[in-house]
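Listed next as structure tokens is one chain, alone, in the form predicted on its own.
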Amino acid sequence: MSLQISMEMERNTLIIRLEGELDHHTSEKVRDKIEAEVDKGIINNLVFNLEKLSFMDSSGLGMMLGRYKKIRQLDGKMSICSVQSSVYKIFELSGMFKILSVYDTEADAINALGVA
């Protein structure tokens, strides 16, 4: 299965919706698309909606950690929402929840960033 990426701006927040599998084949594509948007200089925050993400490996974790570091350097925030149970376990085992906030819904994640 491949990966579908959709992105939407809500004020100064980029919402990234991933569907399919985030692995070493697709992580670079996601990173490049996000970087292109962040480099425009109008994004302060990132929200990853993982509702339709069925699989993620360490490459996906690395990509997300890299985006977290980049957005923090810009004094922004990043959160994730709607995480499937199989992907949730990967985040939990990796310790990513110690640095990333996770929310049940996209609206909750956006509100927590103070955007709405």
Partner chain sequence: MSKNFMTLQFAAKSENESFARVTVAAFIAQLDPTLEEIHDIKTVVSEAVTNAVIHGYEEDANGIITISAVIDGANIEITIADNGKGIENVEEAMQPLYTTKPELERSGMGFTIMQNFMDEMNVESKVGEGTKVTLRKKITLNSMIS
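Treat the numbers as computed from the prediction; the structure is a model and nothing was measured. Residue numbers count along the first chain shown, from 1.
There is another form of this protein, the form predicted together with its partner chain, and it is not shown here; the text below is about that form.
- Contact annotation: of the candidates S82, S59, S79, N44, the single residue with a non-hydrogen atom within 4.5 angstroms of its partner chain in the predicted complex is S59.
- Only one of K89, K33, K52, R72 lies close to its partner chain in the predicted complex, with a heavy atom inside 4.5 Å, and it is K89.
- Taking the partner from elsewhere, N12 is found to have every heavy atom lying beyond 4.5 Å of its partner chain in the predicted complex.
- Interface membership of V38, defined by any non-hydrogen atom within 4.5 Å of its partner chain in the predicted complex, is ruled out.
- Contact check for S94: a non-hydrogen atom falls within 4.5 Å of its partner chain in the predicted complex.
- Residues are counted as partner-facing when one of their heavy atoms sits within 4.5 Å of its partner chain in the predicted complex; in 7-30 these are E21, D23, H24, H25, E28, in sequence order.
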